[in-house]
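Consider the single chain below, provided in structure tokens and representing the form predicted on its own.
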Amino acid sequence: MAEIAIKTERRTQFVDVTARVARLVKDAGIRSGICHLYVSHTTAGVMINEHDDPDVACDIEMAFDRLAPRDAGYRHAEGNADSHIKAALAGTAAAIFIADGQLDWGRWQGIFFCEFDGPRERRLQVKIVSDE
């Protein structure tokens, strides 16, 4: 298993980690398998979506803010209930098939680490499993 260290700079921030994950897959040297991604934080997530146009990530961030506004009278005492809700919506895990030694996905897809309670130092766990 490998980890990618991520330092976020804003409370809500989508960090494109596509190239870092692709490098781990290449370095693993397997031709066929699966790449598992996992976030072990309750106020962060991982998402696969379009990464060619950065406006898409901005639009998704804004949509999350509309779905779970920061100040909505939540009962959670720490003041970050919206962050927990957003992480639940994004999800904490993703999986991508590996074919011919690389991530096998759509042309525009990329991987985002989703920060909802930053700025913080975080980690994304990556497990690459061969099926050969």
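For clarity, every value in this text was computed on a predicted model and none was experimentally measured. Numbers for residues come from their place in the sequence shown, where the first is 1.
The same protein also has a form predicted in complex with another copy of the chain, omitted here; what follows describes it.
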Contact between residue 6 and another copy of the chain in the predicted bound form at 4.5 Å, heavy atoms? no
Give a yes/no on whether residue 109 approaches another copy of the chain to within 4.5 Å in the predicted bound form, heavy atoms considered. yes
Test of understanding: in the predicted bound form, would residue 42 fall inside 4.5 Å of another copy of the chain by heavy atoms? yes
Would residue 56 count as a contact of another copy of the chain in the predicted bound form, using a 4.5 angstroms cut-off between non-hydrogen atoms? yes
Non-hydrogen atoms within 4.5 angstroms of another copy of the chain in the predicted bound form: do 48, 76 and 85 all have one? yes
Taking another copy of the chain as it sits in the predicted bound form, which residues of 80-106 have a non-hydrogen atom within 4.5 Å of it? Please list them. 81, 84, 85, 87, 88, 89, 92, 93, 95, 96, 97, 98, 104, 105, 106
